[in-house]
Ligand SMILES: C[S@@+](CC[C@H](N)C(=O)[O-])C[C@H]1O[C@@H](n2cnc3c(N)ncnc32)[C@H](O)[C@@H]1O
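The chain below stands alone, shown as structure tokens; this is the form predicted alone.
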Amino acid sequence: MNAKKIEKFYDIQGLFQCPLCNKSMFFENNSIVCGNHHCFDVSKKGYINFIPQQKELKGYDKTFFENRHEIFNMGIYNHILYGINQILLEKQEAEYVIDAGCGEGYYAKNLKGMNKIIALDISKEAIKISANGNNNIYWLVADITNLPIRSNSIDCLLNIFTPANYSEFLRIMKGNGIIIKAIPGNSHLIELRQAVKQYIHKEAYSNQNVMDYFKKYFKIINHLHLSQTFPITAEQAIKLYQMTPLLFNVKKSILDTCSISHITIEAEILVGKRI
């Protein structure tokens, strides 16, 4: 075990609470434990797994996240990342930032000017990919419905193209904390959806219900609409097909015959404070 991979968590150990009993936690050898002796190990790759008995998640396997990693490295989501970083520039006093539902870590690894970034996902496979390489991010396998984070401790919470649990988010956010939520725009991946429209439940997409639900919990203080269309190759199109839950139930033989030459990446970025 690399001692540095454990020692970096010492700086934020006061941030943790046990997801089983809510008690404070502290480090003991290669593990973090609570007063009731619930114990969670720091892995050799340098992340803490707070759900060690978790079953494999259908569809969210190693190949899924490797495809996502390759697609993000193409740069077609850079305009979304840039918009998020512009918002964070106004939050330079933030001490703790959480990326809740970080996937393979694209956004967390590219945030600018933040002090302590905690990134978590329910998928162990995602966090294994995220934790590769040298970085100062605190990686966790954790469930957004039961976060191992003490109440009123987080300055900024990111929830980018991923499910939310707003009650739990509000619990861990400071009173003056903000949430940055990215949801698909109505034209997001529209070329892909049109190419397989006969095989999916809904060709058209509306984000209105998602936006309305967000407004029940937060006052929107900023709202960005970001959209760009990019040329892609047939190989890149297949990787796109394979990295979206939209097509989990579509046979790969069908995807291989559906070629697209361009893709639209569109997001609504909502910045909220508690009501």
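Heads up: residue numbers just count along the shown sequence, starting at 1. Just so it is clear, the model here is predicted, and its values are computed rather than measured.
The protein also exists as the form predicted in complex with the named molecule; that form is not presented, and the subsequent description refers to it.
Exercise for the section: State the residue from 33, 224, 57, 238 whose non-hydrogen atoms include one within 4.5 Å of the named molecule in the predicted bound form. Expected result: It is 57.
Under a 4.5 angstroms heavy atom criterion, identify the one residue in 156, 114, 71, 160 near the named molecule in the predicted bound form. In short, 160.
Exercise for review: Work out which of the listed stretches, 170-178, 189-197, 148-156, 103-111, brings a heavy atom within 4.5 angstroms of the named molecule in the predicted bound form.
Suggested key: Contact-bearing stretch, as computed: 103-111.
- Message: Can you work out whether residue 119 and the named molecule are in contact in the predicted bound form, taking contact to mean some heavy atom pair no more than 4.5 Å apart?
- Response: Contact check for residue 119: no, nothing within 4.5 Å of the named molecule in the predicted bound form.
Original post:
Does residue 64 make contact with the named molecule in the predicted bound form, using a 4.5 Å heavy atom cut-off?
Top reply: It does: once the named molecule is placed as it appears in the predicted bound form, residue 64 has a heavy atom within 4.5 Å of it.
Does the named molecule come within 4.5 Å of any heavy atom of residue 144 in the predicted bound form? Looking in the predicted bound form, residue contacts with the named molecule include residue 144, since a heavy atom lies within 4.5 Å.
query = Taking the named molecule in the predicted bound form, which residues along 6-30 bring a heavy atom to within 4.5 Å of it?
reply = Result: empty, none.
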